[in-house]
Every structure is written in structure tokens, then in C-alpha cells.
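Here's a solo chain for you in C-alpha cells, the form predicted on its own.
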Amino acid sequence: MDLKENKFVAAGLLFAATIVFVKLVSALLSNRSNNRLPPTIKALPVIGGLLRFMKGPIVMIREEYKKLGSVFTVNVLNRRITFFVGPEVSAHFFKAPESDLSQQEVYQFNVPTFGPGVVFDVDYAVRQEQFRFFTEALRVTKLKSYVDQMVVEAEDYFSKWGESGTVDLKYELEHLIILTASRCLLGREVRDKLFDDVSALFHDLDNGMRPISVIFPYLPIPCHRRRDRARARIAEIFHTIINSRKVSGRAEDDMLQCFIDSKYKNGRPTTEGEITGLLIAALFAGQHTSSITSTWTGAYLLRYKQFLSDAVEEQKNLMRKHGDKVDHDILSEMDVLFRCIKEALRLHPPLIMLLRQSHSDFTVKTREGIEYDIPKGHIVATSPAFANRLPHIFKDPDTYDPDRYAVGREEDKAAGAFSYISFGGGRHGCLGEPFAYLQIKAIWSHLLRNFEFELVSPFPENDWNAMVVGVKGEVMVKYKRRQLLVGE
């Protein structure tokens, strides 16, 4: 019996020792793995960093970047958001396939606005085909016809100004851009006959996208109910327009027509619901960016007279070469104005956060050589508003200096492809970037040729309370009509 008992005791001890050893090894491996996880921001239990995040993500990023470096995680309720700051750690964010990092889950809050069956409410394969429709609607031959319409809209709008006066530049440019977008994107029927109605409906759609909408997009609150009514009414309007075009056989030169004519690879034509949703998505993507960037461009030009003088001189040179004509190719020659717009957009990108959902583990390496493991399930984020002001990429990053993009400096390429990310980049770069630059150039080339301006209100600030960060308050300017003389 003693021998038998000793065998049981020995077996028990061996079993216990094995369990202890396995746990020790597991703990060691776990610690080793945890040591490679990004540092986590200290925050309250349960709600995590939600309060700091809602108060202002840029302030939070700035503070934690100084303490934790270019990769760090914040817990927000039951989600982990890992930030990548700078091009050295952002390459995977921009280049990863959809199977690894996807947009669909994190942008679901757009579905009530855009509608079912489009963009973030469809799988990746269908979404890619719909993006192809956008690409075809924005190819160069189409852009050339859109530019002609942009120029006409600008000339008509500013012809209604007096010889001199004082205006809110922000309001004027917002209004002009929605007029131009209505003509180029939504169609002649909307621009000529239904502009006021459709503009009011889009206003309700816009106001239906609040910070709370990101977390609870279907919450039954008044702004969401107005959003849903506006979305239904817009669908009715485009049902009538689309049917009218199909019955009459009439084709127009606009994005609406491109979507009507689009077909999927299997030969299926687009539905009315898809056409409407794609138009809404296009307008949302472009309207805010263009109006906000147009306003900031003007504010900076009026503040920094040297760059204003350079932009005016460029217009004189083009007028000597082409006369008063403005078209797509002439706008493409406006390098000085392009740099002025690009610099305004660097300092004030309307989309301050870009998000993806991680579906697989991956590793990033900082410029200091530190490697971090990013687990599957994290939301990963990068911030154009912060990354565009990194001092190791941009000299004097808080200073307005369009010449930083000139040949020989090219700071936007200083650290590789993702040094400048106002329009995103990689697989999900903004398809409307060429359209936006052409639209803003068309407006400001006309203003520079026909008016003198003086900024009479304080220099504007960011409106951090908006979903798309715009210009806070009024931007009041005095104007005086004048004809730019090329011999001056």
C-alpha cells in the first residue's frame, strides 16, 4: 500500500508541476506578447477614454503623442481604437486589402443618410463596382465638361454682386458650391427647377448626422426623423427625374446621367435607389470639402499678401497667354493657386479622422524602430489634422507656406507616399480630389481676376463641434469690383 500511495503522490506532484509549468510558460508568452502591444491611454473604467475623445480627439492625440509616441490605444466603451500617427506607421492603414482593414463596419452610421444598397451597406465586391461608377463619372473627359459648368456658375453668381460691398465669404462660397454641385452632379432638372427644395432637403440630411449618430444612427431623435423624411422625399424627386429621362430618351452631361447609364459586370443596370444613394454620397463627399477649403484658401490669401500677389500674378500670366478664357486645361496650369489651396487643406482638412476595422493581426514599426503588434478586432485610426502638422515632415508646420510644395522642397513627399493625407491615400484615396481642386480653382481664378478683397473680421477658427470640421463663425470681407489688367 505504501508503494502504491507513493506512486499516486508522485503522479499527482508531476501533474501539478506540469500545470504550473504550462501556466508559467503561458504567462511568459503572454507578457512577451503584451510587451509588444501599443501603450494604452490611462482612462476611467467602463467608459474608458470616451469623455476625452468626445471633448476633442485632436487635443487627446496631441497630448498622448508626446507621452506615448506614434502608436497608442484608447479604450472607448467596449472598443479599442489604436492610433497611427505619421507616415512611418500608416502604410498598412492605407495599403492593406479590405480583408485585413475594412471601412464598412466603422462607417455604418452613413447608411441611413446614403440609403440601403450603396457604399457601406454592400459587400466589398459590390462597393468596388460602385466606386468604378464614380471613377467613370470623374474621368478627364467628364471633368472638362464639368469645368465649363463650374465657370458659368461662378460668373453668374458673382455677376449679382455690386461694385463694392461687404459679404460673409463663407456663406457665399457655400451657396455657390451647392449650386455648382447641383448642376454638375444632381442634374439640370434640380439646378433649374428644384434647387431650393432639394437644397433644404440636403440641409436636413446634413443636420441628421451628429456625433451621437456615429454610435446610435437610428436613435429616434428629432434630427434623425427629419433626416429620414428628407431622404424619402429626395428618393421621390429622383424617381421622377430618372423616369422622365428614360421615357424621353434625353441624356444630360452630369453625374446623374453617368449613374443611370452605369452597369455592373454581370450586365445589371443600376436601380433608382442605387442612383439616388450614390448621388447623395457624392454630394456629401464633395460639398463640405470644397466649401470649407475654398473659405480657408481665401482667408489665408487675404492674410498673407505675398501669396495673394503671387496668385494674382499667375492669373495675369495666364491671361496674357490665353486671354479671358478659363477651361479645364487652363485651370490645370494654375500651379501657384493649386499650392495655395493645398496648403489651406493641409492646415484644415475637413475630415480629421480616418477609421478602419482590423480583421487580422499585423505589426507596425515606428521610425524609432519599435515594433507593435495590433490585434484583430481593433479599430485603427489616423488623423490628417494631426499628421499634416508633424514637424519632422513639414518645416514650421503651423505656418501657412504654399511654397513648401514647390519643386525642390516638396515637403508633402518628405517621408514617403503618406506624408500628406488630406485626401487620404492608398486603396481608399478620395476619388473626387481632381473635381475638388478644379472647382475651387474655378471659383478663385474668377475672384482674383475680378475683385479686390479685404478681410474685416478676425481670422477664422476651426469649428470643432461639427462632424466635418469647418470654419467657425462668419468670414466677413470687403470687396471692390475691378478688372485685372495684364499690363499692370
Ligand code: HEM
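Model, not experiment: these values are computed from the prediction. In this text, residue numbers run from 1 along the sequence as written.
From this point on, the text means the form predicted together with this ligand, which you will not see here.
Residues G298, L455 and P460 are none of them found to lie within 4.5 Å of this ligand in the predicted complex, as judged by heavy atom distances. Checked against this ligand in the predicted complex, the residues F134, F386, F238, F394 give one hit for a heavy atom within 4.5 Å, which is F134.
For the residues P350, G208, G187, P112, the 4.5 Å heavy atom test against this ligand in the predicted complex is passed only by P350. Shown alone here, T293 lies within 4.5 Å of this ligand in the predicted complex, counting heavy atoms only. Contact annotation for A285: at least one heavy atom lies within 4.5 Å of this ligand in the predicted complex. By the criterion of a heavy atom within 4.5 Å, R356 is counted among the residues contacting this ligand in the predicted complex. Contact check for T289: a heavy atom falls within 4.5 Å of this ligand in the predicted complex. Residue heavy atoms within 4.5 Å of this ligand in the predicted complex occur in exactly one stretch of 209-217, 321-329, 260-268, 101-109, and that stretch is 101-109. Of the residues in 423-440, those that come within 4.5 Å of this ligand in the predicted complex through at least one heavy atom are, in sequence order, F423, G424, R427, H428, G429, C430, L431, G432, F435, A436.
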